[in-house]
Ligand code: DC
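This document opens with one chain alone, in structure tokens, the form predicted on its own.
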């Protein structure tokens, strides 16, 4: 812990900010299965470094929510792909985070319901949807330096980045986290569907730092990520 405490002192933090400002485009990707802590840690890292936070899962959830809202069967790939081609969401910044807004509205609470959780895996497995999402997610680079989290951000969206992380935790702990959020989700089934889909399956990105955060606090996990990012940024200057 002393090492982490030293890391967070003001001098170290200013050194990080100075390196970031002098660097070209930076993208930090954080991948992993459901409830592995991606969202919490990505937000913490983005806030500490002053980067834009991008939740790719929220984008898929927004489409899943929209399908349910419009009465589109999420088990019908052609119908979902057709809706994805027709809908016209806008990519905007909300509190320093990039989200898809539908008619100027971000369904923040609606996309976290059990119904949407059950639907999103079906929607995310459709190749045409993933193709649309890839282009949209890559376009978030227009906003500046990013911390992007999801399931294929380091393998498919920004595979060229030097800052890749893969978070994981035991399924028992991940289930507890979901329950604490008030969401009932079959994580084993979701893991299987995500890792076995034909298009952009969930997998560990080449060159990613793997962090099993079972038993860790978000502060500990995010500190490990920022420490690694800082080291790699420093190596770039040599």
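Predicted model, so just to flag it, every value in this text is computed and none were measured. Numbering follows the first chain given and starts at 1.
The form predicted together with the ligand exists for this protein as well; it is not shown, and the discussion that follows is about that form.
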Contact test in the predicted complex: residue 190 vs the ligand, heavy atoms, 4.5 Å
yes
Please run the contact check for residue 197 against the ligand in the predicted complex: heavy atoms, 4.5 angstroms, yes or no?
yes
Applying a 4.5 Å heavy atom distance criterion, does residue 164 contact the ligand in the predicted complex?
no
Going by a heavy atom distance of 4.5 Å, is residue 29 a contact of the ligand in the predicted complex?
no
Check each of 72, 121, 97, 100 and return the one that places a heavy atom within 4.5 angstroms of the ligand in the predicted complex.
121
Here the chain appears without its partner; judged in the predicted complex, the stretch of 87-95, 164-172, 102-110, 150-158 with heavy atoms within 4.5 Å of the ligand is 150-158
Complete contact of 34, 130 and 178 with the ligand in the predicted complex (any heavy atom, 4.5 Å):
yes
